[in-house]
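The form predicted alone is given below as one chain in structure tokens.
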Amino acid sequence: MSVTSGSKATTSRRAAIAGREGVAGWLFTLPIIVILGLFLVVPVGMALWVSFSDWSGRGSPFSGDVSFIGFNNYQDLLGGGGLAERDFGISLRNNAWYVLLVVPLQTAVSLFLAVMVNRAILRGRGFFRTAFYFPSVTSSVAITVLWLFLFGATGAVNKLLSYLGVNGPNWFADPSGIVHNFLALFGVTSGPAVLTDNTALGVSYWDWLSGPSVAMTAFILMAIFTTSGTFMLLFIAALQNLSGETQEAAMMDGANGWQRFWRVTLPQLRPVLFTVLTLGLIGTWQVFDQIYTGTQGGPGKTTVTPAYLSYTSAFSNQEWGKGSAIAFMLFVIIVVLTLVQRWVLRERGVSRRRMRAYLPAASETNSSAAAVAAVAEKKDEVR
């Protein structure tokens, strides 16, 4: 009886301690919960409401003058058949090409720089790391203005191309797509009817495949130049935490430099690779300040992005519902692509095909088994 009452007292004491720790935990986290609620959850909830309303930007979005219009704003953008749908389709096309080129290139460049400046035999590693990282800490507005000078019609880039006998384009005034320009070199100036007569979001398939415009290509080069330094630091930190024993074992097995990088180093960088790709994906889909500072969507809307279109719809055209709807569709795109990327980069077991390369051949296995059996028979004879 006394043992049972003692157990109950111990249990109640533990419950009281756990309760006090729970209260203390909530008290410590309460400030950040309040801050996130006021400055994140509430604004996001208000923006979501605005995307379903006809709010004009005057007064409160929750006043009686504002009507709930359901999915009308989303429908206008995705299937309205008007200018809103076409502008949204053009912005998605521009941004999709931007993401498709920037994310893999900046990842590859940053990984290459990290491997190079992490080599112990390289002198002045600190200088090179600082030099490569410097564009990342420079204001994006300043970099954009610099890019406007470099890629102007008489800028340094075209001067350099002229020395090579190439007439450079008027970069920020050329709306033609680079894929179309490349096809034009072979005499292909228009697509087949199946591509030109069918559309998606008001944009023909042929225009979807036009590639980034010449102007957007300059922004792509700028993004790679400014962000590779930041991701280089992440790769350097990961490389310095790798064990040298694995590399030594690979060298003992006769692996050359490329095999050690591809088979040993890169698989160990998978978590950092996922982080870099995810950050790159989010950042490239949210590109805004370079467009706003540089071309404001021109020429011919070939540098309009969903983030910039959301801004102009809300603040310039006073279509706050459409602006909010674009922002939430952009959010859905980023989340979906991040999940797809996580699935692609998930951990996988070693396939049987690869396992066979590390397992002894069947003849060797049989000969080993025969040798073991012979040794066993020899032992029996000795006994």
Partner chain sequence: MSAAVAPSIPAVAQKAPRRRRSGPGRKELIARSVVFAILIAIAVVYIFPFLINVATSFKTDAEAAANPLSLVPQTFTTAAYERLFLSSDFPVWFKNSVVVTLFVTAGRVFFDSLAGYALARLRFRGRNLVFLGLIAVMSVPGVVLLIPKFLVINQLGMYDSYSGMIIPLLADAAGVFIMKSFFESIPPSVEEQAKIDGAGVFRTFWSIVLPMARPALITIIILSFQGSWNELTHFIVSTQSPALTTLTKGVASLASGQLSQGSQYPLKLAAAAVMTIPVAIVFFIFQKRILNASDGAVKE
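Positions refer to the first chain, counted from 1. As the structure is a prediction and not an experimental result, all values here were calculated from the model. Between two forms, the rigid core is the largest collection of C-alphas that superpose within 1.5 Å.
One more form of this protein, predicted in complex with the partner chain, exists but is not displayed; see below.
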Practice task
Could you confirm whether W26 comes within 4.5 Å of the partner chain in the predicted complex, counting heavy atoms only?
Solution key: yes
Problem - Any non-hydrogen atom of N256 within 4.5 angstroms of the partner chain in the predicted complex - result: no
Handout entry: the partner chain contact in the predicted complex: R119, any heavy atom under 4.5 Å
Key = yes
Problem - W262 within 4.5 Å of the partner chain in the predicted complex, heavy atoms - result: no
Problem - The unique member of A184, L233, A250, L78 whose heavy atoms fall within 4.5 Å of the partner chain in the predicted complex - result: L233
Exercise for the section: Could you work out which of V188, A142, A193, V166 is the residue within 4.5 angstroms of the partner chain in the predicted complex, going by heavy atoms? Expected result: A142
Fill in the blank from the handout: Per contact check vs the partner chain in the predicted complex (non-hydrogen atom within 4.5 angstroms), the hit among 193-201, 154-162, 208-216, 176-184 is 154-162
Practice task
For the stretch 274-305, return the residues whose heavy atoms include at least one within 4.5 Å of the partner chain in the predicted complex, in the order they occur.
Solution key: T275, L279, Q286, F288, D289, Y292, T293, Q296
Problem - Large Cα move at S316 between the shown form and the other one, threshold 2 Å, rigid core - result: no
Problem - Core-superposed comparison between the shown form and the other one, G37 Cα displacement 2 Å or beyond - result: yes
Problem - Threshold 2 Å Cα movement between the shown form and the other one at L27, rigid core reference - result: yes
